[in-house]
Ligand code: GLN
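Just one chain follows, in the form predicted on its own, and it is written as structure tokens.
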Amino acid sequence: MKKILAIVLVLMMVLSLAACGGASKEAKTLTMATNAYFPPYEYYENDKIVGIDAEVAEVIAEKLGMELVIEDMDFGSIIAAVQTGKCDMGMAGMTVTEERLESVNFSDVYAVGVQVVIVKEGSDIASLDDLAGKKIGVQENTTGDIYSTDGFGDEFIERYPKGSDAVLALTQGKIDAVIIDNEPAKNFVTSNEGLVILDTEYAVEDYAIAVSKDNEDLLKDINAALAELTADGTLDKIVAKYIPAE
């Protein structure tokens, strides 16, 4: 009887340790939701997601003693993934807006983005005023989508799952312009002959990390990590790696 009781106790201890081990492993995983078609912030290099956001997230995870896991999804699904706890945070060159703040919290700003306009060389669109009445391509659910819809009317906006899809439509003559962040715009123009970026900025915005309103401790930890990465120059080095000074 004593032997049986001892065996039962040992099994209970093993199961208890296994359960604790599982919980610990789960707690040490930092899951990042992104849309990996926004170079140089996030994009695929072979099968791996790389870019500014991926590297910043990696060093944040290291500082928190966690392992980073990146989940690629539609841009419009990121806020919901964070809000529901499917992912711990969202990084995708994401702008802080009043609407998004209703659903999630945002970290301190880690980058500044500029929305610009891509057109074909020789286009009659030379300024923002010339966009009136034109077909404008955007990546759906981005601030480029939001701003251009407010500014030019929903009937003139063509939405695409990826920024590259919008640029392809522009090269094919299906639309007249694309509104998108300046850094991806540079990549798209370099990769597609016959496209140019207008000199005029369309909008300037702050990029930050989305975190669930129920996870204030993680938000504090992320902000503390960002402060350290800013102070020691790591953040600037990561950005400079992908966006060399002109």
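None of these values were measured; they are calculated from a predicted model. In this text, residue numbers run from 1 along the sequence as written.
A second form of this protein, the form predicted together with the named molecule, is not displayed here; the remarks below concern that form.
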(message) Using a 4.5 Å heavy atom cut-off, which of 169 to 177, 91 to 99, 123 to 131, 148 to 156 contacts the named molecule in the predicted complex?
(response) 91 to 99
(request) May I ask you to state whether residue 43 is within 4.5 Å of the named molecule in the predicted complex, using heavy atom distances? (result) no
(message) How about residue 183 - does it come within 4.5 Å of the named molecule in the predicted complex, if we only consider non-hydrogen atoms?
(response) no
(request) Mark residue 110 yes when one of its heavy atoms lies within 4.5 Å of a heavy atom of the named molecule in the predicted complex, and no otherwise. (result) no
(message) With a cut-off of 4.5 Å between heavy atoms, is residue 115 one of the residues that contacts the named molecule in the predicted complex?
(response) yes
(message) For the stretch 201 to 217, I need every residue with any heavy atom inside 4.5 Å of the named molecule in the predicted complex, listed N to C.
(response) 205, 207
